[in-house]
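First come two forms of one protein chain, each written alone as structure tokens, so that there is a structure 1 and a structure 2.
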Structure 1
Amino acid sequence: MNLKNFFKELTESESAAVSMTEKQISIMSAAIEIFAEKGYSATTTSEIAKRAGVGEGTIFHHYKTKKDLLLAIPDYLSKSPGQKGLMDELLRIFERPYERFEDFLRDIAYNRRDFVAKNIPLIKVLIQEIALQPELREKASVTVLFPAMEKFSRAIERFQARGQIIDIPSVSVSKLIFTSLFGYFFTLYIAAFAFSGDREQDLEYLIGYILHGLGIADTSVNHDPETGGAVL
């Protein structure tokens, strides 16, 4: 991901919700790069200024503190036209009249895969710091997480009403799906472990894994009481 292009897209689109100067773009891009490399606490504003090619005072002209730089990240992420498009598409997925839970789950899995793959440095910084920075956690929850959760839970309840998902609280189902998908994407894109294999096929395996854990078996199929296998 080219961070400068990300911020230019954010400020230059017809529906731009953010106004940033070239210096601000350089500062924020440099900050995210170094936060991702070293962590927020180990990063100094002088390092950010040097990489951005600006004076340290210029940073404080636009952002009062180093923490303001960090807290701006989820706001920028949620307002980017490209990422807003992915979020809007996710919300549309929640509202589509799917007949099968499997189709719903597959669309979510691929949508979030694309979201993570396009935002690796930003997400890496959020992951590194969210446990350590309560203000960042609250900001990320309000701008990125909470907007989707209510619609997600309602969609889960529709599949439960049809008898396609086990009867546990929809919030619990949402957390199980989120942690399964996020853990997989973290392993591949953020931690970047060099696992071999076909990523597309692995994602399909993960979808099957979630389905078997949350789905309800087809009761129209008779099973052998001793082996558990289907009786033909």
Structure 2
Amino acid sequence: MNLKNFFKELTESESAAVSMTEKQISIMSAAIEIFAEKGYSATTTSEIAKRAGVGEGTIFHHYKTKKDLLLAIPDYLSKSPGQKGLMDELLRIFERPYERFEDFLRDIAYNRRDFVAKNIPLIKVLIQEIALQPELREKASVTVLFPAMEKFSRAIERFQARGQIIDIPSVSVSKLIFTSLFGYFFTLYIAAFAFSGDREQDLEYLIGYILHGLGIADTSVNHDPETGGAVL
């Protein structure tokens, strides 16, 4: 988990973005789309070629194997012109000096909501295949997840220092927020459960719920793992 490497890669990636030919981009886009629809394994290179509007052989000029195509997706997160800054925005939020934790949280929530909503296929593929392909999990963890979590924890600590949120390990707080948001977006956008209800309203409930859950306010409810009591 080396931040320097991460940024070097990001930078390199952006310059690399320039070198992505139009054909490469259409191959990548087609691949992500179809991977998301049917899964990596059930996707045919010939179908990718067809949807990308190129010959089958062309794919193999740019990506030595079908697997390379999959492993190139994390790079695409930062490379592609249209996608540039997909993660950057979030990282910038993490660094921005917010007055109130609530504003910070709300920006994150809506930023990720927009990100997810606009990149369902990409995210779907990543989550699906991260659970199946160790190489991809490794790559995604090192280049995206861990660096982001680290920055996130730093931000959390600033709010803790100012006494705005509960004082448990910042990493645990990061995980609570991360998994809450993740669970919300996943069930809604990826698993696509047909939950009824107003999504906008539900997201606000979620924000309030997180704020509350991490708030300092009430300490009457707490629990000790040893005794079975509440801990917060």
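Note that the rigid core is defined as the largest set of C-alphas that superpose within 1.5 Å between two forms. If you're wondering where the values come from, they're calculated on a predicted model, not measured in any experiment. Quick note, the numbers are simply positions in structure 1, starting from 1.
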| property | result |
| --- | --- |
| Chain form predicted on its own: structure number out of two | 1 |
| Large Cα shift (2 Å or above) at Gly57 between structures 1 and 2, core-fitted | yes |
| Rigid core superposed: Ser180 CA moves 2 Å or more between structures 1 and 2 | no |
| Rigid core superposition, Glu204 Cα moves 2 angstroms or more between structures 1 and 2 | no |
| Rigid-core-fitted C-alpha displacement of Thr44 between structures 1 and 2 (angstrom) | 4.6 |
| Rigid-core-superposed Cα shift at Ile32 between structures 1 and 2, Å | 2.6 |
